[in-house]
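Look below for two forms of one protein chain, each set out as C-alpha cells: first structure 1, then structure 2.
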Structure 1
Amino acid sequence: MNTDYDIIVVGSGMSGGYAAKEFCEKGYKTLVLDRGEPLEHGQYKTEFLPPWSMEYRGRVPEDELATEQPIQRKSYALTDFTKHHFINDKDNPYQQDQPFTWIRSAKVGGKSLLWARQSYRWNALDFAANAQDGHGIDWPIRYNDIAPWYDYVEPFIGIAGSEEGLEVLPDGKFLPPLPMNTVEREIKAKLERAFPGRKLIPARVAHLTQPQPEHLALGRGMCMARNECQRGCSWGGYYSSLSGALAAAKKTNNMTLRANAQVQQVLYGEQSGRATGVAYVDTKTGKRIEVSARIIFMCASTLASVQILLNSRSAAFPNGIGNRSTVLGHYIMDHVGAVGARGDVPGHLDMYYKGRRPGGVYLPRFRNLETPRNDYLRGFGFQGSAERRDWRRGINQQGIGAELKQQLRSPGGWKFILAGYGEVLPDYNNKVYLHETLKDKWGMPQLVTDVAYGENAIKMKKDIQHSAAEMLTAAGLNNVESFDYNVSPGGFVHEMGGACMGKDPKTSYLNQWNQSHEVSNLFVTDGAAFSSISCVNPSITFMALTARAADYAVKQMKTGNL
C-alpha cells in the first residue's frame, strides 16, 4: 500500500495526543492534523503575569466577549489570561436548536490545555448500565476490558490520588494524593459517620505530586500549586497533551504535526472499501489538501469528529462515512450539574495553607447502587473543597477604612462547597446534524445541536441539591445554602456520544475496538465513541480507550488485516 503516512490522527488533544504517542512509539509514520493554531509547550505568554500587569486585571472587556467569544465566555476558565486558548466564536459558528454550550480550544493540544484535571476511573456499573436499564446502546466492552489500559495510561499521565478500595470508584496507579486540609478532614469524619457508605476522599487529579523518571525525561516537573493551569504550565505540573503525549511522540521523530489544518472529510475509496485519507483546509491559505494513510484515527473532540464524519459523504455513504445505520450524531450527552451547596465552617481559625491547591475533595456516587430509587436512574458524584475566605468577603459586608483594611489583611473564616456532577441517560433524540446550507468561512457545513436534559436528569438535579445541603448540615456547617445555576448541556465540557460503540452495526457506529463497523481502517477514539457518560470526568477514559484501540490497530496491521 502506497500512502503518504501510515497513520493520520485528526486532533491533538487528550485522545489525539495519545494516539500519536502510541503509533509513533511503535514506529509508524504519523501525521497529526489539528485545526488549532500552533503552540509549543513552554510558550505560554500569560503564564507569569500578575493581575496588575493586565489591562483589565484578568477581566475581558464586555464588548470583546460579546462579539468574539459569546459562547466561550461561559467557561469558568476564560479570562484575559486564557482567552487566546479558546476558539473565536465569530469565526467558528454553529447553530443551536436548543441551547448547547460548545467550548472549544483554539490551539494545538486542544482542551487538554484547558481541562479541570479531575481523573477518575469508570466503574463496572458504568459500562453495564445501558444493558441493565435499557437506555442507550449496550457497551460492547466492560470494565475488565479497559482496566489494563487504565493501568497503562495512568503512570504516564501522572495522577495524584489515594487508594480507597471502593468498588464504585476503582483505584488506579497513583502518585501521592493532594493533601486534605484540617476542615476537610473534619467534614470527612462527620459525613462518613452520619452517612455510612459515603466517602469523602482527596480529588484524583492529573498533577505531578511526585514526578517519576518518565515524567522527568519529558521535561515535566512537580506541580507548584499555582493553580493557573489554563494559561499553560511550563513545569508540566499538570498533564496536557503538549507536556505529555505530544512531547513523547515528538521524541520518536515519527510525528508530523500540522496546525491550522481543519479536517473536513475522511475520504473513502469505493474500490478498496477503505478510508483512503482525509481532506483538510489550511486555514491560513484556504487551500484544500488531501493526504493518504493506512489508518485514520478520529480524535477531533466529540462534536467535531461527528461533524467531520457526517460531512464525509460518498456514493457508498450518502449520510456520512460508515453511517448506513444513520445513528451517527445521535445520543449526544453532557453531565448535569452546577448544583450543590455551600456553607461556613466554624473554627479552625489557627490553620492556613501555602499554595493554591489544584483540586480539592471528591465524594463518589452513592445513589442507585444497592437500593434503587423510584424517581430517577443512575447517579452523581460531588467535587468540593474547603478554603478560607479571602479579601473578596469585604465586598458584600459592611465596613470601610483602616478597620476594613486591617480585617482583610488576615484570611477570613472557612467555607466549604460541594458541587455535583450527574450522569444523564443516553437518548437517541439528543443529536447533532449538519446544517443544509450554512457553512463556516472555510466551507465546512455548520453543526446544529439539538440536545436537552431529560426528565431523569432534572429529577436527579433536585436530589443532588437536596443531598448536598443535607450533608453540609449534618457536617455542622453554618449558613448552608444550596444552588442550581441552570447550566445548559455542553457547559460541563464533557460532551460525549454521537458515534457510539455497540455490538450491532444496525444500531451503533463503532465496534468494541473503536473501529467503524463498516470501514475497517477508520477509528473514533474521542468522546464521540461513548455509549454512556458515567458521572465521573471522562478524560483518562478517552486516553485509555485510545491506547487500547491503537494497540488493536497495530496488531491488525501486523497480521495483515489492516
Structure 2
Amino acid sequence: MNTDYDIIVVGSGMSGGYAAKEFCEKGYKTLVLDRGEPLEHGQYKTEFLPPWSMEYRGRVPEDELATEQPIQRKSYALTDFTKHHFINDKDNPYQQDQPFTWIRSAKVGGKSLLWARQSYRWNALDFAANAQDGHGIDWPIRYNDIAPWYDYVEPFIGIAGSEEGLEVLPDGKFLPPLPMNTVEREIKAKLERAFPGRKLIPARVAHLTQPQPEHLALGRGMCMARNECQRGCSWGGYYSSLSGALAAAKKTNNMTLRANAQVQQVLYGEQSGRATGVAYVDTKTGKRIEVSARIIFMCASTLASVQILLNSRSAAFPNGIGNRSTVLGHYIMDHVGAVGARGDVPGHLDMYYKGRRPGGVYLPRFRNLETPRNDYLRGFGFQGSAERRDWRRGINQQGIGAELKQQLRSPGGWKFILAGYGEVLPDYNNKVYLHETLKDKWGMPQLVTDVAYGENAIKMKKDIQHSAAEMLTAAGLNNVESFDYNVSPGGFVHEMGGACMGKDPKTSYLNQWNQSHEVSNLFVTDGAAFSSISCVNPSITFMALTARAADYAVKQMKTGNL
C-alpha cells in the first residue's frame, strides 16, 4: 500500500515529540500533527522580559481571563508571561458533568513547555497494584518490562537526582542533583530521626546540572536557576520536546511538522482491517485534509487522544475505532493533592541561597507498604521546599512608604511546605464521552467529562493533611497550619486513562505494546494508555513507554507484520 508517510504522530508534546525522535532517527518519514500554533525553540516572546515591561507586571487580574481562559487561568503556571502558551477556552469548549479542569497547550511542544519537571520512575508495586487489590485493569507489563526504557530515555532528557537505593522510588540515570539548602538539610535530619523509614531527598527534576555531549549537540546548556521555565528556555536548561526530542527529529530531515492541525479522526480501512491515516482540519483555513501512513501513534494528550478515537467511527467501529469492548473513555484519573501543611522555620537568618532553584525536596511514599491501613488503599508522596520570604510578603502587609520599602529590602524568615500527591483508584465510572450535538468551531464533537474523586481519595486526603502537619511539628517548625484547597480532578494536569492497557481485549483497549487490540497499526502512548496512576509524576513514564512502543513497531514493520 502506498502511503503519504511511514508514520503519523498526533501531538508533539512529551509522548509525540519522543515518538517523532525515535521514528525519524530510525529512518522513517514521519508526519507530526499538532493542534497548536507553530513555535520554534528559542523564539519565546516573553522569555527575557522584566516584570515592569508587562501590562500586569507578570500577574494576572482575577477577572482578566474570565471570558477567554476561564479554565486555563486555574493553572499554577499561567501568568501574564505565559498565558499565550495556553489555549483559548472559548474556542475550545468542553462540557463538565462534574467539575474537571482540562489544562491544554496552545503551542507546538504541548505541555512539555508548561510542566513542573518533576521526574520519578514508577516502582514495581505501581504496576502490580491493580491486580493485588482488584481495582482497575491489570497492567499487561511490570516494572522490569519498562526499566530498560527508563534507562534509555533518562540520559537524553537529563534528570538531576540523587541515588537513594529506595525500592519505593527506584534510582535512575541521573545528573548531579540540585542540592538542598541549609534549612532543608536540617529538616531532613529532624524528620528522619522522628520517623525512621521516611526519607527527605532532593527533588528529581528534568534540568541539566551537568550537560552531556548529547545535550550539547542539540544546543542545550546548563540550567541557570531562573525558574521561569514556562516562558520557554532558549538554552534548553530544562527538558521540553522543542529543545529535546523534536530538535533531534528535525536534525534527521525525516520529520514533517504541521501546526494548526486539529486531528479529528483516525481513518479505518474496511478491507485492510487497519488504520489508513487521519483526517484533520487546518484551523486557519477550515479545510479538511486526509493523510495516510503505515502506522498511527496517538500522542495528543490523554483526553484529546480519547476524544479523537471516540470520534473515529466507521461501520466496523460505530463506538470509536478499536472500541468493540466499549471501554474507551473509561477509567479517567488524576492525582489527588493540593493538601499538606506549611510552617515557619526558626533561626537561620544569617543564611540565604543563590538563584531560584527549580526543584525542592521530595518525600517518597511510606503508606500501605509493609503495614497496610484499614481505611484506604494505595499511597502518596510529598513535594516541598524551604524558602526565605522575599519582598512579595509585603503585598498583603500593612504599611506604606519608605519604611515599608526599607523593611522589604531584607529577606524575611524561613518557611517550609509539604504538599501531597496521592494515587486515585481506577474507576470504570470515571469517564469521558462525546456530546451528541455540541461541536466546536471546527466541527469536532465536544468532549464531556464525568470524573470525581471517590471515598478512598477523600480518606487519603485527610491522612495527607494530618501526616504533613505531624512531620513539620516534629521537625520543630512554628505556626504549623494544614491546608486543603479542594482542587477538582484535572487540576494537577496528570490526567491518565481512557484507552487503558490490559491483557483482555474485552476489558481493555491496548495490549502490552501500547497497540490497539483490534487495529494492529494503531498505538496510543500518552497518558490515555495508563491503567493506574501511581502517586508520582508521569511524564518520564510517558516517554519510556513511547520509546518502547516505537521500538516494537519498527521491529514489526521490518518483519512485515505492520
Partner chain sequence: MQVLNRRQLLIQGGLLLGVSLTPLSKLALAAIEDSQSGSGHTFLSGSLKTTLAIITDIIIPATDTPGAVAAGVPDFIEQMLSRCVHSMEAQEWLAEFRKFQLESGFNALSKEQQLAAVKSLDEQLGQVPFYSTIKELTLVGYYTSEIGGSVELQHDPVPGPYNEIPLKNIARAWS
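Under this definition, the rigid core comprises the largest set of C-alpha atoms superposing within 1.5 Å between the forms. What you see is a predicted model, and the numbers here were worked out from it, not measured in a lab. Residue positions are counted from 1 along structure 1's sequence.
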property: Number assigned to the form predicted on its own in this pair; result: 2
property: Residue 33 C-alpha shift between structures 1 and 2 of 2 Å or more, rigid core reference; result: no
property: Core-aligned CA displacement of residue 326 at least 2 Å between structures 1 and 2; result: no
property: Displaced residue check between structures 1 and 2: residue 64, CA, 2 Å or over, core reference; result: yes
property: Angstrom shift of the Cα atom of residue 406 between structures 1 and 2 (superposition on rigid core); result: 2.5
